[in-house]
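Each of the two blocks below gives one form of the same protein chain as structure tokens; they are labelled structure 1 and structure 2.
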Structure 1
């Protein structure tokens, strides 16, 4: 629909029209890449917290020269008529609350859930102090949530703040984990909120995805390069679930378990840290979910000149789309990147459920001592909403 609008505006070429796009996207650079690809010449604002209050997209809003919303169902074939319409000036100017409003003082004087939520919004929308803004936003949203625990808007925005901090600063899976849980709780409070549902489905599971969210990225980068331009760099890597189409995982797979590795020396987290996040944040029996695993070098680097990273997983309480996970070695002798793997699970009816397994990898210390290690792990699968922070 946006390309149609862009073509309509170009055709009419109105001098009295200002265009602003608003996108409900968690990752701003992906919007920038899409804008560059499609060669849109209007500004696009990021609204990762759904400040606009939209429950579905796309929507097109017509605002007159006085700043008054006149049409919330504008269509391309109605733009010419809208531009020719003469609107009456309002009798009094509407107050505008923007960055100049000190929501910190307002929330301190009157700490209602609404004021505390607006304080969190301000920190998210006008970030200028790095991670401190995310910390302040999380603090404000959590304070608002204490006053209104079942408010879906606050729950969703708190999740967005955690994910933003994860992407831009902390890279700590605990933040991604909290984002997944709060987004899931928000959707539980309002199952019909389309944008909240899509935010969760972005990260899985595949069985619930309506379409691949970012399969256009490869084409966009290729075509931008062919134009002689440098594509906007993606600061957050795309996950497998973000690229995948809707599909039913093969929960009856027959992966072969690696040969006996009991004698391999154990790494208790000295060299590699294993983290995980489940999406959605908790599941019901017979419902699918996706588990994202992340292996983070800690005082070591990957040895890419030997056998690749291998992970074996199994579970008594859930069916798994895979049992054997592998990560291909990069084309360089060694590297220090975080390595992400993911798989889908179908939870059974047991009261408690977990996924157990081990990772096998080759690593080298900074002084050049290389070794082969095994690390055992267990991932708890939360099945209720009671595991929030």
Structure 2
């Protein structure tokens, strides 16, 4: 719909119209890439925390010269009429938001849930505390939750703060875990909030339809390059779950289990640390979830000149979209990146459920000793809110 609007605006070229976009997006550079691709020339504001409270998108609103809403479902074929219509000035001017509010002072003087939440919002949106903005936002939202523990808005924004800290600098799975946890709680509080649902789906299974999320990225980059431009770089890589080709998991897969691995020497986590996060934060019977595994080099580097990282997973109480996961070796002899793998899980009616498996990898220590190791693991799968700790 936005491209249609853009074409209409270009055609009419109205002088008395300002166009403003508000995008629901965690990663501003993804919208910047989209804007570059579509050659949008209007400003776009980022609402990464549903600050305005929008529960759906898209929404197209016509606002008159006085700040009064005149149309909440404006359509491109109605733009010309909207532009021609003369609206009367209201008796009193519409309220204007103060620009210089000190939210930290406000929250200190009157620490209500609302004021604490606004402090968190300010840190999230405008990064008043720089690199510590996520820490400050998390602190403020947690304090707000103490005042109002069941508030879905605060729960969602707290999750957003954890995820943004994870993406931008911590890269700590505990932050991803917390994001998943609070987003799930937020969605539980208001299952009809589409934006929150999409945030869960972004990192989890496609619950209803095989929506694409960022399938357009590859086409955008290609077409921007063909125009002779340099595409906006994405600072946070797309995860597998953000692409539609993962939308139809095959729970009847017949992956072959790696053979003769029992004798492989074990790594108990000395060289590689294995972490996991599930989205949503718990599963219910017959409802899918996505498990994100992360393998983090600790005392070693990946050896990319031998067989690639392989992970085998199985479960007695659940169906898995894959049993065999692999990670292609990068084009350098060794590397120290964290490696992410994902799979979907569909739990039956078992009381307890876990995913067991092992990872096989080649690593080299800093002093050049290279080895092939197996690490066994078990991922506990929390089922429903009642089964939690």
Partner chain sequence: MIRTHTTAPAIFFAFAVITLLANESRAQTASYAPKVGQPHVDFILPSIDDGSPIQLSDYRGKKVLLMHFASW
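Take the two forms, find the largest set of C-alpha atoms that superpose within 1.5 Å, and that set is the rigid core. Bear in mind that the values here come from a model prediction, so they are computed numbers and not experimental data. Numbering follows the first chain given and starts at 1.
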Problem set entry | Selected structure - criterion: the form predicted in complex with its partner chain | 2
Exercise. 2 Å or more on the CA of residue 83 between the two structures, with the rigid core superposed, yes or no?
Worked result: yes
Exercise. Is it true that residue 60 shifts between the two structures by 2 Å or more at the Cα, once the core is aligned?
Worked result: yes
Exercise. Cα shift of residue 15 between the two structures after core superposition, in Å?
Worked result: 2.6
